[in-house]
Ligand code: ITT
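Before any questions on how it binds or moves, here is one chain, the form predicted on its own, in structure tokens.
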Amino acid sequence: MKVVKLLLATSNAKKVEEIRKILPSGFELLTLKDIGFSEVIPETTNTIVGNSSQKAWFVFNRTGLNCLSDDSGLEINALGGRPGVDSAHYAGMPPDNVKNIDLVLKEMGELQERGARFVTVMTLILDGNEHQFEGEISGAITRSPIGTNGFGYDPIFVPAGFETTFAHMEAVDKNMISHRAKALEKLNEFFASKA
């Protein structure tokens, strides 16, 4: 496969780092910082799918570069699917991971039902055409944060079949099973099928 150059439509440095670790060789990833792009990327739809698409098209239309965006959310059963599309700014603006986690744990209290899932939708704009790749992983919410790795809600999410949170795992282990890894695996398969 020839080297595919993609612009990542995110200013989240942790997300960029994670995607770089997961994608196999054959991809050259540019960041918004690399090209001096500093506009605020909108996320104004009411779905993860919609926000992912919106972000990708916004950056593509301004740069003309093939790009990849990611929108992810934590959907908790007992909270009716919240925080969902509002995951990044659940406790308000500006986004604050600690406040978001505190709010989720406060809302869940001592509820026994702690099932949840992480969902990611990757949108690829390639030569002016949109392609989307979804990934998800089920798990449960802890009663307090555990671990310091990762980002977002990783300290309170234990993936199904495991006994500790994403934030307590080594990055290499998380990156083999995560929602983002599953979406990127589909992206890689897409490019492999075109080779």
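For clarity, every value in this text was computed on a predicted model and none was experimentally measured. Note that residue numbering begins at 1 and tracks the sequence as displayed.
Keep in mind that the form predicted in complex with ligand ITT is missing from the display, and what follows is about it.
- Looking at Glu134, you'd find every heavy atom of it more than 4.5 angstroms from ligand ITT in the model of the complex.
- Mapping the unseen interface onto this chain, Ser72 counts among the residues with a heavy atom inside 4.5 Å of ligand ITT in the model of the complex.
- Although the partner is absent here, Lys186 is not a contact residue: none of its heavy atoms lies within 4.5 angstroms of ligand ITT in the model of the complex.
- With a 4.5 Å cutoff on heavy atoms, Lys21 does not count as touching ligand ITT in the model of the complex; it lies far away.
- Interface residue among Phe37, Phe151, Phe162, Phe27, judged by heavy atoms within 4.5 Å of ligand ITT in the model of the complex: Phe151.
- Judged by heavy atoms within 4.5 Å of ligand ITT in the model of the complex, the contact stretch among the candidates 138 to 146, 125 to 133, 59 to 67, 151 to 159 is 151 to 159.
- Residues from 162 to 179 that approach ligand ITT in the model of the complex with a non-hydrogen atom closer than or equal to 4.5 Å are Lys174, His179, in the order they occur in the chain.
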